[in-house]
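First come two forms of one protein chain, each written alone as structure tokens, so that there is a structure 1 and a structure 2.
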Structure 1
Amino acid sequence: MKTRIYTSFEETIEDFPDGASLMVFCWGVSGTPQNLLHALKQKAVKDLTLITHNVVPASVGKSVLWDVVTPFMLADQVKKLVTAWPGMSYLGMESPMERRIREGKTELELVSHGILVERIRAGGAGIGGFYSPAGIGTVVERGKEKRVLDDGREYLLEKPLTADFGFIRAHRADKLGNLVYRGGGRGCNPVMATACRTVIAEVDEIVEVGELDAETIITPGIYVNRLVQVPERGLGSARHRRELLSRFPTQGQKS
């Protein structure tokens, strides 16, 4: 499989249809593929199945960073949501996604962070499912097979997760699509890259083959279908991050 390099985020997702499923990591400014999410918002794709860790806006303390794009911005486009954190009640308000869930416009599948990651890993590895004790005796067990295993404990059958598209945020890539991550971006971007049929990575820099230290490559290019480079003033760029940190000097000094 050859990785194709694009120059436009809009062109990169041109074939993204209504009703498709999307897997995207969201945990901090540098690890979220903001430009791809922004392009998808502008494309106004509807009836999405969204698989992500959280659907809350980026924030520092109680200050919401509205110029940081997260899956929160896609709320009105989502038909089904698989997540560990669907709302933002800690900010003292009901989010658009919470409202859609309450009104029955978006179906919610609530899952813990750890089980979410393991289901994605299972999807990427071709594993048919696994048993976990997490969620026994809670609403999480509804609709799931429950079984008592040899140790006498109850377990729930958790099924693998895959998606039509995966939006990945990496630091550097070579022209074969091999990816290097930085900081929090390494959290779950790598495992998501294994579980999606079409993987699109936005990166800070694209270099020639051989320029990356092989010991730092986390996602092999065989998993990556498309690459697009974040422009100097793009969302999540070094310049963008510096501008954000300049608003909160105390937090910036601690990071």
Structure 2
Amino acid sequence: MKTRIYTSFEETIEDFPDGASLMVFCWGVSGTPQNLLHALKQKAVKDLTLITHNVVPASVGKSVLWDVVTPFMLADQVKKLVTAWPGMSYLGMESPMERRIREGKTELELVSHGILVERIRAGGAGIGGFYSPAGIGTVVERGKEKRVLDDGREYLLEKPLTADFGFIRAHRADKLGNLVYRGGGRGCNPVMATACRTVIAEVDEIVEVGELDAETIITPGIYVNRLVQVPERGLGSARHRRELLSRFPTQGQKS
């Protein structure tokens, strides 16, 4: 199917209904499709099933970057959450998401990072289920089939995860939707891009077909339905990142 190029984040998610499921990666500022998340917040879509690794605000050291949009900001819109890191209880604080979980407004499915990413990969790769060695003897084995396999180890049967929408953050795209990433911002983005019915990628730059080296493409365009370029002053743009960093000391070497 052909990749469509959009210029407005609002239009890109125009058909995103209440009750839909969404996969989105976030490693602080890195790898997070902030503009799409912001548009989803503006649209006030309700009753989301949210599949994401961490639900914590972006931070640098002890400074929270409240003006960076992450899944943390969607708490009120989430009916079901699948994650390895629902909040900030490790800091002795209760986040809005954790409060909703405690109040029964959001249902939590707690998984480990590794099981989560492999379930997403299975969803994208047409695998019906897989046996994972992680989680044996822990809370994540609840309700799962446990089985000793040929090597004599115990395994849990894990099921694939897919979603209606995938919000992807990549570095560059060509007009066919081929994507390359930057540093740790790659993260789970390439895996999520395989497992969602509608995949929307926001990127720093959209280039002409042929400008990306075929050997270096990480997500081929086959997985990308919609493409939108982050504007110069957009969330997560080079300019926005410089502005965020300007709040911190710069003595010593320049990177």
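Here the rigid core means the biggest group of C-alpha atoms that line up within 1.5 Å when the two forms are laid on top of each other. Residue numbering: sequential along structure 1, first residue numbered 1. What you are looking at is a predicted structure, and each value in this text was computed from that prediction instead of being measured.
Only structure 1 is derived from the form predicted on its own.
Core-superposed comparison between structure 1 and structure 2: CA of residue 136 displaced by 2 Å or more.
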